[in-house]
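The chain below stands alone, shown as structure tokens; this is the form predicted alone.
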């Protein structure tokens, strides 16, 4: 089973332009509690390097592109994000890394939870240990 799960958004438009509506529990598979965006990344700097206990996210590349690495402790998959009509759905307990940002890349992130530092797992070995715990998904 692939770790890469895309959500294709319905584009509505006419001669004036296009529009995509994002709605929690409709085309986004959770209540949206936080929205943030990532931009002006420094060339060759990688980001992420964490997982979450509970947080789910949909990441949309609004402009440019970047590469995501998703890891469930067993399998690692890479995917390039470069479409504003598609979102990458990342479930809880998935390690994520971001790299190869184009200079103009802008990522918008929809999150299922408010920011909580205690939800982060920032050490990969701890992530693998927790993932292997039978009480975790």
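This one's a predicted model, so the numbers in the text were calculated from it and none came from an experiment. Positions refer to the first chain, counted from 1.
There is also a form predicted in complex with a small molecule; it is not shown, and the following applies to it.
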query: Residue 29, heavy atom within 4.5 angstroms of the small molecule in the predicted bound form; finding: no
query: Partner proximity in the predicted bound form: residue 124 to the small molecule, non-hydrogen atom cutoff 4.5 Å; finding: no
query: Exercise: residue 56 in contact with the small molecule in the predicted bound form, heavy atom 4.5 Å; finding: no
query: Contact test in the predicted bound form: residue 39 vs the small molecule, heavy atoms, 4.5 Å; finding: no
query: Single option in 76, 33, 63, 47 placed near the small molecule in the predicted bound form, where near means a heavy atom within 4.5 Å; finding: 47
